[in-house]
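Taking the form predicted alone, here's one chain by itself in structure tokens.
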């Protein structure tokens, strides 16, 4: 239990996928304009990343390794992620059409979100996690991504009407804020 808690805290805060590994930057910068969109995207990423980490671990442990097809892991993981994203997309389109429309192109971009693929690959290659550890890592990483997304959306909503010098408006100020947030998250590195 202690080991799972360490994995969760490490993945969500200490080694935040956005601020320490710089994965998932496209949806982070694109969807972080409004808090409600950020919450919706965070929820979708939590679902997709957790489920894809679990299914990827299962397929890797029980199919790819016994058949010595580990070299197919990237292709298999991308197919799993794409299937999960399609499921989320159909669910949101049917049950929450306003959120589906507001997320726009960023919802299908979860498929190509390198954070999702990075977690699946790191679980089996870098960390050599078992199924439970990999699933906890996937969930915690997704929660960390959602935290980063929601924090950035809140800050962007607050600074929208501030007097920012013209050269820093738009993407420039967002990148500066992202850098400052990354520095702040580095402060958590001493926890674990």
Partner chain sequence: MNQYTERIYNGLIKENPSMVMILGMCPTLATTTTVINGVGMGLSTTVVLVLANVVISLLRKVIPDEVRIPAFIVVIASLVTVVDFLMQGYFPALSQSLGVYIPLIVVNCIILGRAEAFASKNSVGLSFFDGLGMGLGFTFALAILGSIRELIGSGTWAGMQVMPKAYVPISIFVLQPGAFFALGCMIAVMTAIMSRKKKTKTAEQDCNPADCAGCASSAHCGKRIFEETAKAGLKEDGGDKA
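C-alpha atoms forming the largest set that superposes within 1.5 Å between two forms make up the rigid core. Residue numbers count along the first chain shown, from 1. Note that the structure is a prediction, hence the values are computed from the model and not measured.
In what follows, reference is made to the form predicted in complex with the partner chain, a form of this protein that is not presented.
- Judged by heavy atoms within 4.5 Å of the partner chain in the model of the complex, the contact stretch among the candidates 160-168, 132-140, 57-65, 44-52 is 160-168.
- The closest heavy atom approach of residue 10 to the partner chain in the model of the complex falls outside 4.5 Å.
- Of the heavy atoms in residue 74, some are within 4.5 Å of the partner chain in the model of the complex.
- By the criterion of a heavy atom within 4.5 Å, residue 192 is excluded from the residues contacting the partner chain in the model of the complex.
- Proximity of residue 26 to the partner chain in the model of the complex: non-hydrogen atoms within 4.5 Å are present.
- Using a 4.5 Å cut-off on any heavy atom, the residues of 17-40 that reach the partner chain in the model of the complex are, in sequence order, 18, 19, 20, 21, 22, 23, 24, 25, 26, 29, 30, 33.
- Taking 2 Å as the criterion, residue 66 does not count as shifted between the shown form and the other one: its C-alpha moves by less than this amount when the rigid core is aligned.
- In a rigid-core overlay of the protein, residue 26 has its C-alpha displaced by under 2 Å between the shown form and the other one.
- Relative to the superposed core, residue 164 undergoes a Cα shift of 2 Å or more between the shown form and the other one.
- In summary, the C-alpha positions of residue 92 and residue 58 converge in the model of the complex, ending up at least 3 angstroms nearer each other than in this conformation.
- Panel note: the distance between the CA atoms of residue 92 and residue 154 is larger in the model of the complex than in this form, the difference being 3 Å or more.
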